[in-house]
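Just one chain follows, in the form predicted on its own, and it is written as structure tokens.
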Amino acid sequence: MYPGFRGHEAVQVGCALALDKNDWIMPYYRGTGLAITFGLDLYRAFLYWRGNPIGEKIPENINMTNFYVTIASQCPQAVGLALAGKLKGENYWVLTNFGDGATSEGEFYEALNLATIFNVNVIFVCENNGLAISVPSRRDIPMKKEGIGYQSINENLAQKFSNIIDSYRIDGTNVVEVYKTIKKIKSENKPAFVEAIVYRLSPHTTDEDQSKYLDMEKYTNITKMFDPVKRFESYLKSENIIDDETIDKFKAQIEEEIENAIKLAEETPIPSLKEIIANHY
């Protein structure tokens, strides 16, 4: 079961590029794009998602934790890591991402409260794709039939939390807007919450059937306008920064890198229990 991040590319790439090498990321289970942009190599990412324990060990030259699966559990820990930096006089930032469903968890509220009390360098990035699996948080998500309701009475999450913490609502499919927002937050030296509006361009996970609860015809008509990769490609072409020939070269290079990483991951044997313990995987 793999939780894809199609539709989330711009917010994850924009966040990673706006950070410095001494900053930290604490990615959630859908945060593979954030991790590999920040420096995690594809080979290790593939090992992780193939269930090879070697993929659990983060290289020492990358300031990131492993992927969090328990919803919102990383949020208080992100505050703790940021507070440790403040107490030690180290000027790094901690960025953690999560879905809109995480904002319904108690740990998320506790983290916002602690972040503002201690005034630490932490950025909470909510990648709001409008669906916590099948429970909507936005009214623009066309459901097949009316369910038990929405996650929140206020679908503008940035507005909802603005009385607790500095909050921003941005277009999460626009990589430039994301990048500029994170840079702005860092320049103001205050913790912040970012609600990045995105659309889920693949099912919640590879073993899930979203057609059971989504009106797929309406949903497809909406989401085809919000593919971050296609939007950025169109922008670069309109500004004469890139052309079709260059795009084809990049795609070929990327496909080769992916194939090489997959091959290496497939050929890497799963270590024995003794090796796992000895090497701290």
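The first residue of the sequence shown is number 1, and the count goes up from there. This structure is a prediction, so every number in the text was calculated from the model and none was measured.
Beyond the structure shown, there is the form predicted together with a small molecule, which is absent from this document and is the topic of what follows.
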Looking at 65-73, 38-46, 215-223, 229-237, which one sits within 4.5 Å of the small molecule in the model of the complex if you count heavy atoms only? 65-73
Only hit among A158, L112, V175, A102 for heavy atom within 4.5 Å of the small molecule in the model of the complex is A102
Using a 4.5 Å heavy atom cut-off, which residue among L83, M143, A132, I164 comes into contact with the small molecule in the model of the complex? A132
